[in-house]
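In the block that follows, a single chain appears as structure tokens, in the form predicted on its own.
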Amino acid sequence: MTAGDGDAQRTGRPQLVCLVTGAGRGIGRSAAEALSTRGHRVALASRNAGELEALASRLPGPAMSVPTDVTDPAQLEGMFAAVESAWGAVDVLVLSAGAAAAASVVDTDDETWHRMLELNLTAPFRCIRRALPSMTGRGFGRVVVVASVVAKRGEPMVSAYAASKHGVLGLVRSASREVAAHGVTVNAVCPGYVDTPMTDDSVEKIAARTGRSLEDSRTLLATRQPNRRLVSPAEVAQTILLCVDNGAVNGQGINIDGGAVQS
């Protein structure tokens, strides 16, 4: 019995094969930890092999590290092939790899625009396209995309990021309708400002642009949310687990933002 198999048996839950992109830090890391605590097998993907190995070594359940640049189609295919060779087809796909960029519309160059679309929209599309046939064939699957509240509203200075997140929410909604009758769900979680390295980067850019201190810049982001604090990665991971556990939740973009965007 592999380490962690007993936990799945004791809880009565089947042990699922999970693949988490962007797993080295932030929301992806928390999602991987939550899935592993449930006793599932968790494959960890990101570009940073060191972060993945460190995480894999401390997860309570079976884990494997698959360093991957998801914007490279060949590496993406290799990622799925490695998981399938070791454990079989992916049951749960959590797409957390992503990045943000800040600039006004007129200052957003083509390189930034294409980079945001490639990582935040095209890579999830390719992953979903690759994962769905085996899921629908087996009659079970869960796909959860980490989107953003800016998938539902426009904000200044993030036009390329917002466009990519609006696009990925549309992808989720369309895919969910195609596979709903086959035991497969496709959902998105839409966090507000989360206490992650991505937010740290935003704080530094705000401070540089405005002359505010780092502390004041962080407070500025926190107070944009009605609960006046940053969301924790664990709170996003809990919502990802909801999408995994509840097969009646499908085609949704679930807000996790302290009440900023109500729907």
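The model shown is predicted, which means the values in this text are computed figures rather than measured ones. Residue indices: 1-based, along the sequence shown.
The same protein also has a form predicted together with a small molecule, omitted here; what follows describes it.
R38 falls outside the set of residues with a heavy atom inside 4.5 Å of the small molecule in the predicted complex. Under a 4.5 angstroms non-hydrogen atom cutoff, the small molecule in the predicted complex lacks V94 among its neighbouring residues. At the 4.5 Å threshold, heavy atoms of P226 stay clear of the small molecule in the predicted complex, well away from it.
Taking non-hydrogen atoms only, T71 approaches the small molecule to within 4.5 angstroms in the predicted complex. With respect to the small molecule in the predicted complex, the three residues G61, G141 and A234 uniformly fall beyond 4.5 angstroms at the level of their nearest heavy atom. In plain terms, the part of the chain that comes close to the small molecule in the predicted complex, with a heavy atom within 4.5 Å, is 144-152 out of 80-88, 144-152, 171-179, 128-136.
For the options T219, Q238, T210, N48, the residue carrying a heavy atom within 4.5 angstroms of the small molecule in the predicted complex is N48.
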